[in-house]
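Here we start with a single chain on its own, the form predicted on its own, put down as structure tokens.
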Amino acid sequence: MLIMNALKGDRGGQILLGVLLVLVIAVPLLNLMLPPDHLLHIPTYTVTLMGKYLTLALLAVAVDLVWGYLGILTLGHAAFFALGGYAMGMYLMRQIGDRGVYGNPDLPDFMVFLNWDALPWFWSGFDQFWFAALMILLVPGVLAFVFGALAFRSRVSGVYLSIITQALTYALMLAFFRNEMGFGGNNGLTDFKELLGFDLQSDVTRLGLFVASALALALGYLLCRVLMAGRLGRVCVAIRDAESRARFIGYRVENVKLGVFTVSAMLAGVAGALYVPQVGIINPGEFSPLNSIEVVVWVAVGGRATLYGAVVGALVINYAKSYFTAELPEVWLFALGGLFVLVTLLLPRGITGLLRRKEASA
């Protein structure tokens, strides 16, 4: 009942969930049931690419939750995404066992290469999936909670908050590049073999990860929609539009910001965890501040404060990125920057805002 009320009047969200349902059913059928030379056959490579796009769309939803509804322009969500990815990567590395290059059953290859004598304490427990799943949520969530508690209760806002979120992810990137941190240094974590006993290179596993990504996006969207469709959402919008007034009439603005920011970080962690087994690697480059800026561009292009607009922006831009980096790699960054400028000037409400305006005028 709560979900039905949240989706009432949310035509874009209803369409999004319907499309995801169709994809979950159709993509496995078209991949497994049709021969490779059939016109409608979907290759496993395409399935993996689509799964990757869906995880990035979930990251965009997480950013839209705090930027669209609270007005917090976060430039550090790549950190939460990467931390979730590293938690999954650590579990996948522990599953390799003695099948690594050096055949050590306890230590990942990079630790053997660097002459580590024993597994670091913070790697303990990552041989169990339930523990890794807990860390995927807990590590980004705790970091966001501590960071948010310090920032929001100090009433840091606006461009200053954006700068320190960017500084956070940059500091983590520099830290993870160091070999002595125990996370693979510059090369990161890779050469994964299996997930929950399933071969990561098999078509069935790839399809399973795609379905998991679609379900995670649907559940993440529903969670955000339920939160923002009720009283909490109205309070968030009030804080975004007139924070001092919301504070004056008695709302604990810091607590609202902190709670929503923490939920958003945990969603980003889940997105990162699903992203890693599909791309086969996680390295410190995922912390890059440029990645966080790109996510903001996705949300702006799709349409802020709609949630489904963030999904549209993420899918459109990432498809364009895949195309242009292959066909015209030297102009991709210029095209991305030009697109952001054009959207800001001509489509302040993004693609979905333009569509809604056309519907209203029809």
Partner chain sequence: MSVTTVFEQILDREHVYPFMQAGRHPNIDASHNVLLYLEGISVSFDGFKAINDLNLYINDGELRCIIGPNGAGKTTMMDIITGKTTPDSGSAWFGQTINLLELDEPAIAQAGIGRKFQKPTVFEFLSVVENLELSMEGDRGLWSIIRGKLSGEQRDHLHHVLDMIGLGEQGALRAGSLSHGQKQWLEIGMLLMQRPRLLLVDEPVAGMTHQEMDRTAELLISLAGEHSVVVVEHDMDFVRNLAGKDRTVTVLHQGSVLAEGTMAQVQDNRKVVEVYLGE
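Residue numbers count along the first chain shown, from 1. Please read these numbers as outputs of a predicted model, since none were measured by experiment.
Below: the form predicted together with its partner chain, not depicted.
Can you work out which of Ala132, Ala246, Met111, Ala216 has a heavy atom no more than 4.5 Å from its partner chain in the predicted bound form? Result of the distance check: Ala246.
With its partner chain left out of view, which of Gly250, Pro105, Gly158, Gly197 would have a heavy atom within 4.5 Å of it in the predicted bound form? Looking at the other structure, the residue within range turns out to be Gly250.
Answer range among 231 to 239, 203 to 211, 283 to 291, 78 to 86 for contact with its partner chain, defined in the predicted bound form as heavy atoms within 4.5 Å: After filtering at 4.5 Å, what remains is 231 to 239.
Is there a heavy atom of Val226 no more than 4.5 Å from a heavy atom of its partner chain in the predicted bound form? Yes, Val226 lies within 4.5 Å of its partner chain in the predicted bound form.
Does its partner chain get within 4.5 angstroms of any non-hydrogen atom of Asn186 in the predicted bound form? Output for Asn186 is no: heavy atoms all beyond 4.5 Å of its partner chain.
Quick one: is Asn255 in contact with its partner chain in the predicted bound form, heavy atoms, 4.5 Å cut-off? Output for Asn255 is yes: heavy atoms within 4.5 Å of its partner chain.
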